[in-house]
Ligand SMILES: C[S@@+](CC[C@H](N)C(=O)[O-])C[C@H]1O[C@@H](n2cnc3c(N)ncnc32)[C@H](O)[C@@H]1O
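Okay, so here's just one chain, in structure tokens, the form predicted alone.
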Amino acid sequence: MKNFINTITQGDCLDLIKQVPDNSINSIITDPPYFLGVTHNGQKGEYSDLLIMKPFFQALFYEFKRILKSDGCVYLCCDFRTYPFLYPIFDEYITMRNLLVWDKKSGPGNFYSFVHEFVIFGMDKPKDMHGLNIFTLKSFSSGAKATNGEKLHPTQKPIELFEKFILDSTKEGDLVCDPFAGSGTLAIAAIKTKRNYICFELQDKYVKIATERIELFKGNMNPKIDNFKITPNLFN
């Protein structure tokens, strides 16, 4: 298990997450694939095509509930097309508390521009969470390159977004998890805020990109620090 800590582990997240101990994670912050490219015979996909993914998300959210601490939080990125599909499945396993709206300031689109995304926020044990459910942070299309460098993944989120969720829901030394690590944004946000992380990524090219990006980030930190060290009682 400890080999997962503060590293990008390659593999199927449904297989790997089963090795994470019960009640060990303080916050899950993730951007799962939307699966909107599911099509039949090369034709444009329909909303109903998402139903083929229902067993996958049922299994995933079951594991989310198992690995979360009693006061743990989940932040699940989605959009207006996937929210109505994900919400009822999510709420079967983890109590949905709010739908957060991320104002990205700019974005593409022909029928009005896509300038926002949704984030499903859930937790089973209520605790005070301050702030607004609508907030503004720059996306890559609105200037995040200035603080994040070049975009390395098609759906890459800015570090500032995941950093906000980490700071809102955890404290230094806590453990956060992203089963869909992509370019390693959560890992960098965790290092920046002195949290431990567990990140899974299926594709080899993004494991390499994320690992290189993390090492570059750590090398450029001033003062330079290593990952926040795991504590012996982390899983107690």
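Residue numbers run from 1 along the displayed sequence. All values derive from a computational prediction rather than experimental measurement.
Note that the form predicted in complex with the named molecule isn't included here; everything after this is about it.
Partner proximity in the predicted complex, defined as non-hydrogen atoms within 4.5 angstroms of the named molecule, places exactly one of 130 to 138, 80 to 88, 155 to 163, 98 to 106 at the interface: 155 to 163. At least one heavy atom of residue 206 is located within 4.5 Å of the named molecule in the predicted complex. The named molecule is not shown here, but in the predicted complex it comes within 4.5 Å of a heavy atom of residue 185.
Residue contact with the named molecule in the predicted complex: residue 33 places a heavy atom within 4.5 Å of it. Mapping the unseen interface onto this chain, residue 12 counts among the residues with a heavy atom inside 4.5 Å of the named molecule in the predicted complex.
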